[in-house]
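Read on for two forms of one protein chain; each stands alone as C-alpha cells, with the labels structure 1 and structure 2.
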Structure 1
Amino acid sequence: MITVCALCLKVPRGEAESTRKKLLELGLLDIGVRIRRDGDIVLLPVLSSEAATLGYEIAEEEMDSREVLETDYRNVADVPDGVRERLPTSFDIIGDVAIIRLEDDLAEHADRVGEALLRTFPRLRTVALDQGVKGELRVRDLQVVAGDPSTETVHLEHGVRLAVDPAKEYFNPRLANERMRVASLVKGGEKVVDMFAGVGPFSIMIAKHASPAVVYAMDLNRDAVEHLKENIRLNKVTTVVPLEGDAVELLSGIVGADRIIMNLPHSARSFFADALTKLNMGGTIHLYVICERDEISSIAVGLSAEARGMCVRIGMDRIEELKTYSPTMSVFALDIRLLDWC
C-alpha cells in the first residue's frame, strides 16, 4: 500500500454515496485512491479542484492509493495497434463463458484476444469465438480460443439459475430484462405455452416470478430439453412441463392458451397462424423477429392481414426494438393480443 497526498472533497457521511456517484458522472472521482472515513466526514478523492463546485470543502489529505485494474481487454491484448482499434467493444457473457465475434480477417488473433479477456475479467473460465449459426436448430458454431475447453456453464439472471451449453443450445443472454418483463405480465392461473423454449429461460422465469397454472415448454433440441429438465430441478419450479419435439405437432395437443411465447427470431413468423389458433380470447402472443429496422412496420401489417385471413382481429399492444443484430438489423418484440373472431 502506498500513501499519497490527494485532493479530497469533505462530505457528510449521509451525502457521501450520492456525491460519489455525481463525481463519477462528472469524471472527477480519482479511482486510483481509496475513499476514507474520518468520523462523520467521508473523504472523496478527486482529480481537480473543480469538484469544489459541488459545494463541499476541498483539501489535501494523506490517502492510501489502490491498484486500478484494467477494464478494457483491448488495452492488454497482444495484437498490433491496427488490429486493437478494430476489436469489438462488446461481447456476450453466459455464466463464466465469454463469446466474441471477430471480423474474418481478425480471426487469426482470436487466441490472443481470448487471453486478454481472461486476464481482464478473472471470473471468466472460457472464451469462445462465435463463427455464426449452424444447422436446423440454429445453435452457435463456437470455437474455444482460451481457457477451459468446455462451454457448459450455469447462467444467473433475476434469481434464476440456468444450466446451458451455448455450443449446443440457442440462448440469448441479452434478453434477461425482456424475460422478466413478460413474467411480470403473467396473471395467476394462466396457461402459458413457450413454443421454442430452449433451456427454459422464459418458462422458468415465469414459473419463478409469477403464478401460472402451467407452462408448456417445448423444444426440438434434445440437449436443450435435457438442460430444461435440469433447470426445473435447479430452480425448484413445479409448473413447467418439458416437452421434446416439433412445436407445431406438440401445439396440436394444447387446448386454449392464455399466453404464447415465440422466441425463434429468424423464423417464428412462419408459425404465427398455428399459435393464433390455440390462443384464448384476450390472450397474448409474444413474438420475436429479426429484421431490417425499416421493415418492422410492414411485418406488423402483414401479421394483421394474416390474422384477418383467418377471420381473426388482433391488436399490436407493443412493438419494441430490443437489441442490435447487425448494422441494419435488430431484434424486435411484438406483443399481439387476440381481440375478436370475425
Structure 2
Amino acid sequence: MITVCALCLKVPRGEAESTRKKLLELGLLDIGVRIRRDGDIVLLPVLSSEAATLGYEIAEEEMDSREVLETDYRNVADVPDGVRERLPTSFDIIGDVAIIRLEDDLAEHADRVGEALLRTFPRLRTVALDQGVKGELRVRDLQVVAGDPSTETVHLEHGVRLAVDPAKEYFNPRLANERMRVASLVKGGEKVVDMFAGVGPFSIMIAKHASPAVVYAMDLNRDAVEHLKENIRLNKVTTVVPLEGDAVELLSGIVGADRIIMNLPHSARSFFADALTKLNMGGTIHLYVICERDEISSIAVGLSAEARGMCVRIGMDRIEELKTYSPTMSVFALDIRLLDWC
C-alpha cells in the first residue's frame, strides 16, 4: 500500500454514505484513495476543493492509496515476453477510461493488456482499444477490451468537469494546458466563438476562468452538443451558448467576434476566410493545424496572403508546436491577430 497526501472532506459518520454517493455523482470522489474512519468522522478523499461547497471541512490528510506498488502495468500483463517489451509505455486517460493504442499484430493481446491496466490503476473503470479517429466528426473507433462496457465518463481538467463519451465524440485530454492558456488571454466582456467545440472544453474553460460576454459553442455532432449542454449545467456557467450545426452556416448569424477558436486541425484552414470576415479589428483567431513540421512557415505565409486578398493585414502573435502527430508531422497552434485594413 502507498501512503499519499490527499484532499479529504471530513464528514460526520451518519452523513458519510449519502455524501459519498453525492461526491460520486458529481465526479468529485477520488476513488484511487481509500476512505478512512477517524472516530465519529469519516474522511472522504476528493479530487478538487470544489467538494467544500457541500458544506463540510476540507483538509489534506495522509491516506492509503488503492494503487498497488507496481506502477508499470507491463510487468503484470499476462503476455509473452516478446510482446511485453513492445507494449506502449503511455496511454491517454479520459475520466476513468484508459485509451490504448497497439500495433496491429499485438491487438490479439488487448484484453490482457486491459486487465493489467485495471489491476495496476484501480481508479480506472474501463480500458478501450483505439482503432483510429474517423470521419468529419473526428470520432474514435473504440473497442472496450476490459472493465465496464460503457465509455461515458466525467473528465476533470483545471477545475472544469466534462461529461464525455469518447466513443461518440472527439475529446483530447492532452490539450488541457493549451485550453487554459487560451482562457487566460480572454479579456472581460469579449465575444468568443468556438467553431468546433465538441463537448465544450475550450468554451467552458473560458467561461469558468475568464469573464467573456458570451461564448458561442458550435458543433455538428449531436451527441457532442448534448454533452456540451450537460457540461454547461455541471459547471454552472451562464455565458456559453450551445449551437448544433455546421460552423460556417452558424457563423453567418454572428455579428463581430473578438476571438475565434478553430480546433479542427485537419481542415480548419479551409474555414479561415469565413472566420476572418467575422473577426473584429484587434481580435484573435486561434487556429490549430496538423502539417509536416517543415511546412508550418509556408502555411503562415499563405494565411497572410489569403488575408491580404481580403484587404486586411494579420499578425502571427505566436506559432507553437503543440504535439507530435507522426514522425514528420505535428499539431501547431497559431494565434493570429487582425491588425488593420490594407
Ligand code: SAM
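The structure displayed is predicted, hence computed values, not measured ones. Residue numbering: structure 1 sequence, from 1. Basically, rigid core = biggest C-alpha set you can superpose within 1.5 Å across the two forms.
- Two forms of the same chain are shown on their own. Structure 1 is the form predicted alone.
- The Cα shift for residue 16 between the two structures, taken after rigid core superposition, is 2 angstroms or larger.
- Core superposition places the C-alpha of residue 40 29.8 Å apart between the two structures.
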